[in-house]
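Just one chain is shown here, as structure tokens, and it is the form predicted alone.
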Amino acid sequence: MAMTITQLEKRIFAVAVAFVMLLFGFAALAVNVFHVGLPTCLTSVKPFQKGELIAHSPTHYELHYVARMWKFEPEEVTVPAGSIVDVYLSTIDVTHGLILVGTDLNLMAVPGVVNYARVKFDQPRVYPVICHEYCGTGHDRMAASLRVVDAATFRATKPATPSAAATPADPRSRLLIKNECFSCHSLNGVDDIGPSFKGLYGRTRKLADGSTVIADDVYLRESILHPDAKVVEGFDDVMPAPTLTDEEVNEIIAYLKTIK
């Protein structure tokens, strides 16, 4: 006897329900057996401003990743094998992505919200962290790493100390450090994502529209507060506008004058 339309519809519905139940079963298996956390958008959690690793126990950690143009903070993390890590991801500027290569962790960093997933690391290994969402000219260099080591190695691991070359020693550079200016601008005369600060003050700058301007106090003030107003030739308009007081801008300009 030929199958009626009603019987066919019932079979299709039953197959669909079975498929959905199978997906829920796999999700429950991943969470409860393999300790893989499903990606979750946490709108009730305030975005983090600082990246850090928090230890809740010798085998349970909370990892706050903060994405910004163009790096992840923290850039390197070490945990012991056997650890369960709750990963939280925030961004302080534009949309970024985060893939932990070698795992199923794949999160989006969306302004204003925190994304979350849980991962269990069983074996020692180095996991690269990369951004998979195009976020500007420095996107290809946006990377970090998560190291999983054996228990003995982890006990012997000491927190990394920033090198003296990574942060200028001059206390007058504090505002540039605070606002991540050295992520794009150097002090050694080598251009990066943005022009070098060395010898900047008083120089003639050629702009993207073909005109020129002297890098005096007026130009520097405008470039700091309104970076898209006069873009230097050969560079992209990617600098975010900082929130600074007049006194802070004056302090930055005074410091830039000293970098010969």
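Small disclaimer: the values here were computed from a predicted structure and weren't measured. In this text, the rigid core denotes the largest set of C-alpha atoms whose superposition between the two forms falls within 1.5 Å. Numbers follow the displayed sequence, beginning with 1.
Quick note: we don't show the form predicted in complex with heme C (HEC), though the next part is all about it.
Remark: Arg205 counts among the residues lining heme C (HEC) in the predicted bound form, judged by a heavy atom distance of 4.5 Å or less. For Pro47, no non-hydrogen atom is located within 4.5 Å of heme C (HEC) in the predicted bound form, even though that partner is not displayed.
For Leu256, a non-hydrogen atom is located within 4.5 Å of heme C (HEC) in the predicted bound form, even though that partner is not displayed. By the criterion of a heavy atom within 4.5 Å, Phe235 is counted among the residues contacting heme C (HEC) in the predicted bound form. The contact with heme C (HEC) in the predicted bound form, taken as any heavy atom within 4.5 Å, belongs to Ser183 out of Asn106, Thr153, Thr95, Ser183. In short, of 119 to 127, 183 to 191, 97 to 105, 84 to 92 it is 183 to 191 that has heavy atoms within 4.5 Å of heme C (HEC) in the predicted bound form. The three marked residues, Asn179, Val231 and Pro240, each reach heme C (HEC) in the predicted bound form, with a heavy atom inside 4.5 Å.
Taking heme C (HEC) as it sits in the predicted bound form, the stretch 218 to 233 comes within 4.5 angstroms of it through a non-hydrogen atom at Tyr219, Leu220, Ser223, Ile224, Pro227, Lys230, Val231, Val232. Once both forms are fitted on their core, the CA shift for Glu133 between this form and the one not shown remains under 2 Å. Core-superposed comparison between this form and the one not shown: the CA of Ile177 exceeds or equals a 2 Å shift. In the core-superposed comparison between this form and the one not shown, Ser186 has its Cα shifted by at least 2 Å. Relative to this conformation, a decrease of 3 Å or more in the Cα-Cα distance between Ser183 and Lys50 is found in the predicted bound form. Inter-residue distance, Gly234 to Arg141 (Cα): reduced by at least 3 Å in the predicted bound form versus the depicted form.
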